[in-house]
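In structure tokens, the next block holds one chain alone, the form predicted on its own.
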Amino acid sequence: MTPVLAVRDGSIGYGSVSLVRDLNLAVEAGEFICLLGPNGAGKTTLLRALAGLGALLSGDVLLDGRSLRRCSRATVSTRIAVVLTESLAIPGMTVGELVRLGRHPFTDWKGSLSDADLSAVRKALAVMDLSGWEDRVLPELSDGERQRAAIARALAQESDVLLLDEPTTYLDLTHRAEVLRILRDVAWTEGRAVVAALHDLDLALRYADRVWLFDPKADPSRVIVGGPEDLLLSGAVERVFSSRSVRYDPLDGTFELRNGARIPVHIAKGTDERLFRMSLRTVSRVGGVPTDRREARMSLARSVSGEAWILEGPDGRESLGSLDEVAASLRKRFAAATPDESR
């Protein structure tokens, strides 16, 4: 089956300087793909090339197997919707006017909207939780609200391909997760091909069907393609997003600091899984290394009564009333630790 959008023998870069070469990528209908990688790796450049808004240094972008360069702008505008990072604080423009622009490629010379067009607009507004916002003026909205309106415009276009550059940048945490769920559902239930460049690593790995990972540390000339779990298991995600001072843990999906004392701490599991996981989080957050009892220099457990946390170590035994107090005590103990006490 011919992919709806593809890159064949492509090369991207700035001017005559190539960033990534030998790109052979494909997006199938009904698939949600996330572009991940560090700043400056080429995510936005590739996304703009896929949209026909920028040229490849070499190679070709194919829309249903046909070179995008041979497609008319009218064809491209009906088949591909794009959300970029530019500000949409257009003086005087309302949310309704912006979202209705998504139907412009399908209107007649007068720009008249049919009942089907208006239905698509209403649906997009509802999906992005913007129903009743049609008369609100864009400059008076927050950056996040304007971002949701921009995504609604792209959804109203009902195109076969949806390309988004950092669609969650200005959104709060709840709306970030909600937007990615919407994009995945649009791909799955409506059969659209959705490609998004993201910095929300954890959310991208949870929602994406496949990932295009820019890995300049291993090979700046290529993009690694795979399912989220396969890329996590391969170590590629950890390699790309770790540094000298920060390590990405592919199993927990968290970042941990490498510097400071690394004191092994045994945490008694007990019967409450929620308490156990929060105690693991607390110990890791302040620089401890959860480990088994034999290697531990300290131990943390709930008291028999269940009303306190018991922390024991070379500096003695403490009864603490909250995990915040546990964290404060651990910070003091870690700060006083000698280099040979840490890992």
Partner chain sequence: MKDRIRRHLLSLFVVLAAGLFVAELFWGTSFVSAGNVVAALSGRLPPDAGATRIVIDVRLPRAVSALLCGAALSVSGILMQTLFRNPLAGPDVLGVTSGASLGVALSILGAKAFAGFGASPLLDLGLGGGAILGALLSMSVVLAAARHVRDGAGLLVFGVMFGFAVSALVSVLLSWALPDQVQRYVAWGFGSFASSGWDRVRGLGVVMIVALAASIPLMKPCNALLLGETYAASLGVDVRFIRFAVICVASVLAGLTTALSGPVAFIGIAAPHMCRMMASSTDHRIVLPLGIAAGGVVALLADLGTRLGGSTVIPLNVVTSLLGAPFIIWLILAGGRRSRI
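Positions refer to the first chain, counted from 1. Predicted model, so just to flag it, every value in this text is computed and none were measured.
One more form of this protein should be noted, the form predicted in complex with its partner chain, which is absent from this view; the next part is about it.
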Check: Is its partner chain close enough to Thr168, Pro220 and Ser234 in the model of the complex that each of the three has a heavy atom within 4.5 Å of it?
Finding: no
Item checked: One residue of Thr254, Ser119, Thr107, Ser131 in contact with its partner chain, assessed in the model of the complex (non-hydrogen atom, 4.5 angstroms) -> Thr107
Margin query: By the heavy atom within 4.5 Å rule, which residue out of Ala126, Ile90, Ala268, Leu173 makes contact with its partner chain in the model of the complex?
Written below: Ile90
Note to self: Within 4.5 angstroms, counting heavy atoms, which one of the listed stretches 274-282, 289-297, 313-321, 47-55 is next to its partner chain in the model of the complex?
What the structure shows: 47-55
Next item on the list: Report whether the minimum heavy atom distance between Val137 and its partner chain in the model of the complex is within 4.5 Å.
Entry: yes
Next item on the list: Look up in the model of the complex whether Asp209 has a non-hydrogen atom within 4.5 angstroms of its partner chain, and give yes or no.
Entry: no
Notebook entry, point to check: Is Gly227 close enough to touch its partner chain in the model of the complex, meaning at least one heavy atom pair within 4.5 Å?
Noted result: no
Margin query: Taking any heavy atom pair closer than or equal to 4.5 Å as contact, tell me whether Leu101 reaches its partner chain in the model of the complex.
Written below: yes
Notebook entry, point to check: Which residues within 180-218 place at least one heavy atom within 4.5 Å of its partner chain in the model of the complex?
Noted result: none
